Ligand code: BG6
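Given as structure tokens, the chain that follows is alone and in the form predicted on its own.
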């Protein structure tokens, strides 16, 4: 009789994840030009403006210049993997260049080698909420098929350059957010107030499916030892009540989430989506051969972000509470919340892992999970973030239980191991890190790095391979 696994495998990956636009700063340095992230003004979805007084991504935490110091801290914590992204406009500043910007390429080569020297495998998100702003200004968004060619030029350049340095490639960050308002701007370069918005969003998703499949093909050809993965945003979904209408609404919400991983991993559009398209008057324009491309080159593994679960009710406004700053709207009244109103549900992560593995039977990787909270520097310089330790400990325990359930979980990269600019709120005060960065929401401060109480805790978790939580 086969026994169940009691803990994480010996080759489990432990580390952290950031995004280029939320960390690097230096937004016009060494040839870089603006990306779609660079016109996001301060504040919760502060708007896409060309005349704002402050843009958080322009300075961020200056990782562009401090990466050696920061990676050394990650190495001290015992990370054996580091996930980041490549800013498209460092490599192709306008997106239209025939040749890449060497200074941008060299920066990432140096940074990846530094990560390797500090004991970390590199995982790269190819497109993490950044598209050359010039391309969007000239061609619209990803609903324009021309973006596939621009993207594949970018992919070929970076996969060729970093062969042997990058082991894992993720084609698009949280690809399902291409069809979520207002994150469609981040994920697809589509203005949230566009006409025929849902049509545009799902057309953009189709082009990203084709691009992802062709990128997977390219990665396998250029570097046979590298793996290509999907990256989705996953929120475990519950019906608000046991009313049939609420259960049906929850199942419909699950299918909208599954659609993207279904296509990327199974290689075809699921049958359920066609009724949705018909009812919403959405017409996907496919070119001959698109379906064959998607079928031929599915991803090798699935990664996902998990921060919270959500509840769905057919009666959207009542009786559930609406959370401040939540895109989904309804909140589970039985769960605690973060400072920003997000529900805390570690058991939802165990469910997520089981649901995804049962559905796909592919290796899984949690590449974002963490607690955004307000941290206080005490008089003695310490930062006692026991709330973050409790959050992460509960989620890691849920991961361990899912492994016992039989889930093939390969790794965990906490979100924001060092404080970075929040994508949703544009704030530094929404902190996720085990390393504090002395900067405020206006970019003021010394930039000094301070290890929080959670730093030593996570270091011990990693050292014990999750046995000491």
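Residue numbers count along the first chain shown, from 1. What you are looking at is a predicted structure, and each value in this text was computed from that prediction instead of being measured.
Here the subject shifts to the form predicted in complex with the ligand, a form of this protein not shown in this document.
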Checklist entry - Only one of 415, 55, 67, 27 has a non-hydrogen atom within 4.5 angstroms of the ligand in the predicted complex; which is it? => result 415
Next on the checklist: If the cut-off is 4.5 angstroms on heavy atoms, which of these, 307, 172, 185, 365, is the one near the ligand in the predicted complex?
Outcome noted: 307
Next on the checklist: Tell me which stretch of 57-65, 401-409, 28-36, 427-435 has a heavy atom within 4.5 angstroms of the ligand in the predicted complex.
Outcome noted: 427-435
Checklist entry - Is residue 128 close enough to the ligand in the predicted complex to count, meaning some heavy atom within 4.5 Å? => result yes
Checklist entry - Given that the partner is absent here, does residue 342 sit within 4.5 Å of the ligand in the predicted complex, heavy atoms only? => result yes
Checklist entry - Listed by sequence position, which residues of 18-39 have a non-hydrogen atom within 4.5 angstroms of the ligand in the predicted complex? => result 22
